[in-house]
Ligand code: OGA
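Quick heads-up: it's one chain on its own, the form predicted alone, in structure tokens.
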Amino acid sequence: MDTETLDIRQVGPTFAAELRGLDTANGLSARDAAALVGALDRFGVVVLPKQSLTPPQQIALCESLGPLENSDDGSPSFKELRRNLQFKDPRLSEISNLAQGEGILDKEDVRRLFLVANQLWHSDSTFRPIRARYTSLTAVKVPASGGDTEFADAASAYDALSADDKADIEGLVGIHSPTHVMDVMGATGPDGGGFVSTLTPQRRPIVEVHAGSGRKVLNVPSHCSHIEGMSIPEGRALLTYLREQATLPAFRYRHKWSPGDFVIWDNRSTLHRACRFQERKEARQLVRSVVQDVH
């Protein structure tokens, strides 16, 4: 990284950094893309304050890092996420409680279900055949209080496990389900929204080696339904324990949004969740794009 033009400062206890000096307005040069990837490999979460990227600029920046996910794929409910939204490109989705960027969503709007689901610790798209490598958010409107995004360092959390724990989970495979979280929330039944998905569950290691850093990480997001070869109760108890270890306060960074902030993170080495706010009273609008984890 060219330290003469780029300034990076760690902001979390073990990870997460604020980066200044990138030219984000017109995509990224090969040099700047490599610098950003290097920062993501090292810190997991990178904050670029007050960039105020337009949706086309955000798409161009993220496409500098790889192909983008189509946010509509996998479920009729996913398509509903962009109904009455301000931004229509399927390479984008809105994390928003607003219709057309203005009025608060109706209480019965299906998109409110996803706002609640986002409050669980997760990594994006682990239930898809191609999971998310990086996710980015641009803040358009933020509430006066609450609505932060919290991140957890799955690499440092793995390092802190006991030797016995590491031995017990080595080689285990988790089953990541497109409906598990919604089922836990009661949203797959007709009285809870009737969420369905055309995607099939995915097998992913509980312990992975991060391709960029070489560090071992815990892969235990809320979409992980159970552990292959274990009874459902035993596997879910272990997943709950590991998720608690991965999200201890010592491994967390909480980002308080300001309008225009651009935050990008590596789903392979972190977990994240949305924090509560007065979503029936205050506006929160973030624009999301996802870079696929293709090899």
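From 1 onward, residues are counted along the sequence shown. Everything quoted here is computed from the prediction, not taken from an experiment.
Below: the form predicted together with N-oxalylglycine (OGA), not depicted.
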Exercise for the section: Consider the chain as shown here, without its partner, and state which of His122, Arg131, Arg111, His176 has a heavy atom within 4.5 Å of N-oxalylglycine (OGA) in the predicted bound form. Expected result: His122
Fill in the blank from the handout: The one option of Ser71, Ser213, Thr135, Thr188 with any heavy atom within 4.5 Å of N-oxalylglycine (OGA) in the predicted bound form is Thr135
Exercise for the section: Considering N-oxalylglycine (OGA) in the predicted bound form, find the one stretch among 194 to 202, 157 to 165, 114 to 122, 101 to 109 with heavy atoms no farther than 4.5 Å from it. Expected result: 114 to 122
Handout entry: Leu22 within 4.5 Å of N-oxalylglycine (OGA) in the predicted bound form, heavy atoms
Key = no
Exercise for the section: Classify Ala283 as contacting or not contacting N-oxalylglycine (OGA) in the predicted bound form by the rule of any non-hydrogen atom within 4.5 angstroms, answering yes or no. Expected result: no
Exercise for the section: Consider Asp89 of the chain shown here, and say whether it contacts N-oxalylglycine (OGA) in the predicted bound form, taking contact as heavy atoms within 4.5 Å. Expected result: no
Handout entry: in the predicted bound form, Ile95 touching N-oxalylglycine (OGA) (heavy atom, 4.5 Å)
Key = yes
Completion exercise
In sequence order, the residues of 147 to 168 that place a heavy atom within 4.5 Å of N-oxalylglycine (OGA) in the predicted bound form are Asp148, Thr149
